[in-house]
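As structure tokens, one chain now follows by itself in the form predicted alone.
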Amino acid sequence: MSHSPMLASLSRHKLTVGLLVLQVAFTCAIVCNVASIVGHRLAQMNLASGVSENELTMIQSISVDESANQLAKHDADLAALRAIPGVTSVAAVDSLPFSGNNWSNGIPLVPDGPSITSATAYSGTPSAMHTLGLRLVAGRAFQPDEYIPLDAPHDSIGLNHVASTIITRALATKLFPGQDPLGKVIYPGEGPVRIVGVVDALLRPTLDESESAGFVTLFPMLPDATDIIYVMRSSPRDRERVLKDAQRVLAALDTNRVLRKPQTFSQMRDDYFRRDRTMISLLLAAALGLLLVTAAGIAGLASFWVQQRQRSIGIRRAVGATRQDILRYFQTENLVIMGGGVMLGIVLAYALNVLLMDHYALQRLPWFYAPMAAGALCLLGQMAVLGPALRASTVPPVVATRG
């Protein structure tokens, strides 16, 4: 079928066609970036934390008495929590994945050298790795004589005196790509720290748009601050009971404390991503509304053109055009308009993505979102024009004889 009549027809409606092309282009650009943002957030929400999520409960204890020996108080608390029926392991930690309490530092590989990346620094009592369910994939755990007090009242100066660290596989790959990290030295503080072990995965307390979600270091430093998190491991069915017993036990041991955020790890994860779920819902609703408006615009314009072209359609039928020819004509015409719109839309999508990266630190738009959005919009256009095209194909040849 020759496309010259089609192009001539479109050229007589430059303004209408141009507006529709712009509508499709803006829809394509917005849908591309919405899909990218939603896809990235969903991927974050499904990241493995690296801990035994369905077995953990935690409670934050804030001591009012700052003059007391915090290490001794923590030991007494841990002993009491360990005695609760159903608790298989308990530990005191300074932070956890999704807790929001992030202490991170740069990781140079030479003294006073440039930082390769930043990593979260976790610390905890010797039972922390077992309690959290971390999986050691290389090296060893910390030895008892390697632990030192965190010395939080003095600006975490303990970090300058640790001799060993355990890092995540993700951080090991970043620092030493293609190499065995065991025995390598890093400089998170003033002195050298040797890598003695590698765990499979552990997420940071807060996640961002970068690739560093799994960049974590573990240090053998005993938390000695007045603000501490107690983590208890038990079977999933015992978690709620263990949490209630823990509150009762800790309150009885020391009335000069405040107990905050008693919850399971699953609840903490759910709370952390609550805003993300709301944002995803709003973005999807906005994108769906934009697609519906675009589809309505395509269908409305096609219906108008069918009404305006009744006589020309009848003439084509009279000279031998079949119903399939008429249907194909309108669908091809729509495909030309949609094609121009999505090509311009892909350019706008990457321009919008650059703007979002500059102002909101979002990730780069993956290449495959552009063809996916283009294909989806072209399919939407074909579906939207199908009804008017079918009505056009039913126009009888006798219409050509009418005035």
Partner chain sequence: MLGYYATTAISSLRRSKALAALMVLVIGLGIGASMTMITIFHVLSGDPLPGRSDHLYAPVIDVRPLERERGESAEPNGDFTWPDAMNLLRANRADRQTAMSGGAVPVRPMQGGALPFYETGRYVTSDFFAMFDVPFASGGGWTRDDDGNRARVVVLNTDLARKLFGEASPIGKTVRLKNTDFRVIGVLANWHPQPQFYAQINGRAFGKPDEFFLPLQTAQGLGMDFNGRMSCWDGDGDARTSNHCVWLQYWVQLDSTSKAAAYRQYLADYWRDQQSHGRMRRPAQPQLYPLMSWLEHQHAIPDDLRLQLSLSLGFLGVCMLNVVGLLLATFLRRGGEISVRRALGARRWDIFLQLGVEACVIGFAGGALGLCIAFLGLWSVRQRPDGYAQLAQMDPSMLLGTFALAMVASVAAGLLPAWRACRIPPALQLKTQ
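Superpose the two forms; the largest set of C-alphas matching within 1.5 Å is the rigid core. Fair warning: this is a prediction, and the values are worked out from it, not measured in the lab. Residue numbers count along the first chain shown, from 1.
Only in words, not in the display: the form predicted in complex with its partner chain, which the text now covers.
Proximity to its partner chain in the model of the complex, taken as a non-hydrogen atom within 4.5 angstroms, holds for one residue of 351, 43, 48, 64, which is 64. Contact with its partner chain in the model of the complex, defined as a heavy atom within 4.5 Å, is made by all three of 15, 37 and 259. In short, of 323 to 331, 297 to 305, 236 to 244, 127 to 135 it is 297 to 305 that has heavy atoms within 4.5 Å of its partner chain in the model of the complex. Put simply, residue 336 is far from its partner chain in the model of the complex: not one heavy atom of it is within 4.5 Å. At the 4.5 Å threshold, heavy atoms of residue 27 reach its partner chain in the model of the complex. Residue 283 belongs to the set of residues with a heavy atom inside 4.5 Å of its partner chain in the model of the complex. At least one heavy atom of residue 254 is located within 4.5 Å of its partner chain in the model of the complex.
Of the residues in 270 to 291, those that come within 4.5 Å of its partner chain in the model of the complex through at least one heavy atom are, in sequence order, 274, 275, 278, 279, 282, 283, 286, 289, 290.
The two forms, fitted on the rigid core, differ between the shown form and the other one by 2 Å or more at the CA of residue 348.
Here residue 100 does not count as shifted, since its C-alpha moves by less than 2 Å between the shown form and the other one after the core is aligned.
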